[in-house]
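A single chain, nothing else alongside it, follows as structure tokens in the form predicted alone.
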């Protein structure tokens, strides 16, 4: 069957279908429908909690497997591996086999990690022990050297003449009986450097100064055995006397997280211990390296098959989730499902069901039958990579009601065009186009990379930005601005000086010597005293014309909506008065603008429009643009006044009459297709109460009428943002060019010129190409959402989300 043509104006015709699937082929049928991706299932078990459903155990099982896969992915990430896109050798792995395999891999990795952590901790402890042996050994060695030097000095004093400066008690001190000397104990270890001052202070206070502390800083950070973090530490040796002092010192060391290590003051034993520790470190390092190699090989093997396993688990979980939405028939041998699908996909779904039954060797095939319903179907538009971004702009405001006119069709042209009216500069447009051209040419590669939030957004809207850039080049050629510089691209200017020297150009002005410049603004306008008044007048009037045209388009689309849904009330009592009211006032203003441009009249349009209301019968005088203008204005004013009650009163009365006739059985006409929420409530009354709240309908219509009448004025004024943003963009570009680039050029200095060029580029990119682009984008967005779509677009539908494996989220849990 050939694929249906893409239609963006109306959403795809949908149908509610029922599937009756035999139990033996249910799993395979749902899997095939997931591959097809054209059926949106309805939950028929809403009254049951997730734990009460038939396949809750299978979903829990898949959730556990997903947890193990997340654990494996975390381990791969820590080891520096990423899931590979290589084809796996085992392409037919089943869920049961995968469950066993994942359990074995998790256990193996947990065991390997535990052993590795244990070995690493021992390695770090030995490294600290070695540092203590080295640093404390140096301290004891230096202390013994000092003691030996003092001993030699004493012997020299005894042998020679005693100096008057010699200590009187030295002989007594050195000749004390060794048995009566106090034996000092000591504790050695490492403490964090940031805690060393507090550590010393607490030791002093707790022992009342009866300890001696010696600290030496370790040059490089040390890996702490407990936390595994790199910490700057000090080696300490604490000398104390007595058992109570030892207990206090030990407790303080534990409180400060200081790691204590045994140490002997025997130099021979010190060297022996250092050699033993070095040997153990070497052995541990070898063991750790072998374990890391084994772990890396295991994770590398997992990375080759991870994507296939992950996809299988996600598919199985989504299949059981859909199976839980189906209900059992009375025989408990079949599953019954309901859901929405496009009418054009009927044959594809039937073929898929038939294929699933054949592959399952089922004796009974699945049944597909269409159900009749008054429920509003979901909205589905077939989009491609070009139109999808424009459709997303519309959907951000609200999803279209089923088969109402889609603004996305017109947004493809009007959105970039209104953006370009505010951004008109073909130099800036060219820069935007080259940037998006890079995205488009490399889209296959970039679509599989993580680009960051801002770049991801720009890449997703690359075709929108491309259209914006192309229209900006077009409007820039009309404005004749290339980074605010005009060019004679389409011929010579129509104006010139009166003489060759142009001495009187600033006083007398230029004269027209040739035909009108063929395309866009004449380059001679730029830089003249009348440039700003001329461009202001041009862009302001152009903004009003564009605004009235787009608002008229919105009202015309409301007519096509009403005609499509067969709602004559909305045609005669909403569309007709709205089009009359808008064009009687602002359509007439647009006519005056065009007549003034064509005739070259000097009429003051502000005066004409103001006195059209204040004094409609007064003589126009010099402001008359054509014969019979006064009488036309009076007629249009009367039309506008009549249109207001036309919008307000008939529609609620006719809706009440329709309701009464239907209630008496004289006429039956479902109103589910109308665009008013109150009419939807009337339709729903068929299934409940029969009340018709005339006051609510009238108040709603009253608000709607006031909103349109006031909106006609405010929305027209809102389109003046096209003029304001265009003027701001042009003036900013001119300031950067004149006050940065030309100013730097005037210094005749290469360094200043280079700095000026860099500042000009940064200002152009940062302000004009980024900030101004975002500003014009948001203003164009507002004009479409508020001024255009409010005229016809309800946007109260809901999207068609078919069950599809292609749309499985990577972060699904």
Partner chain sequence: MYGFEALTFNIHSGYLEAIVRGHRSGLLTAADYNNLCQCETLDDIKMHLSATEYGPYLQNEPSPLHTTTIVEKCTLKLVDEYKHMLSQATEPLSTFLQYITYGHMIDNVVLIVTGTLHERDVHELLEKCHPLGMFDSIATLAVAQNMRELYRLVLVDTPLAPYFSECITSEDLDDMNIEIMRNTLYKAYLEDFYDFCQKLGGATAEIMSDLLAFEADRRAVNITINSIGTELTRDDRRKLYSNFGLLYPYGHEELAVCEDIDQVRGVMEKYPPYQTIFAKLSYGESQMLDKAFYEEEVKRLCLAFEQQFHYGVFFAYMRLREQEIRNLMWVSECVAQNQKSRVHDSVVFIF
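For clarity, a rigid core is taken as the largest C-alpha set superposing within 1.5 Å between two forms. The model shown is predicted, which means the values in this text are computed figures rather than measured ones. Residue numbers count along the first chain shown, from 1.
The protein also exists as the form predicted in complex with the partner chain; that form is not presented, and the subsequent description refers to it.
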*Spot the stretch among 520-528, 703-711, 418-426, 251-259 with residues whose non-hydrogen atoms come within 4.5 Å of the partner chain in the predicted complex.*
251-259
*asked:* Can you tell me whether residue 44 touches the partner chain? I mean in the predicted complex, with a 4.5 angstroms heavy atom cut-off.
replied: no
*Partner contact for residue 766 in the predicted complex: the partner chain, 4.5 angstroms, heavy atom*: no
*Check whether residue 52 has any heavy atom within 4.5 Å of a heavy atom of the partner chain in the predicted complex, and answer yes or no.*
yes
*Give a yes/no on whether residue 758 approaches the partner chain to within 4.5 Å in the predicted complex, heavy atoms considered.*
no
_If the cut-off is 4.5 angstroms on heavy atoms, which of these, 202, 494, 413, 213, is the one near the partner chain in the predicted complex?_
202
*Heavy atom within 4.5 Å of the partner chain in the predicted complex: which of 664, 445, 208, 152 fits that? Just give me the one.*
208
*Counting only non-hydrogen atoms and a 4.5 Å cut-off, give the residues of 51-81 close to the partner chain in the predicted complex.*
51, 52, 56, 59, 60, 64, 67, 70
*Is it true that residue 385 shifts between this form and the one not shown by 2 Å or more at the Cα, once the core is aligned?*
no
*asked:* Aligning on the core only, does the CA of residue 209 end up 2 angstroms or more away between this form and the one not shown?
replied: yes
*Against the rigid core, is the Cα displacement of residue 479 between this form and the one not shown at least 2 Å?*
no
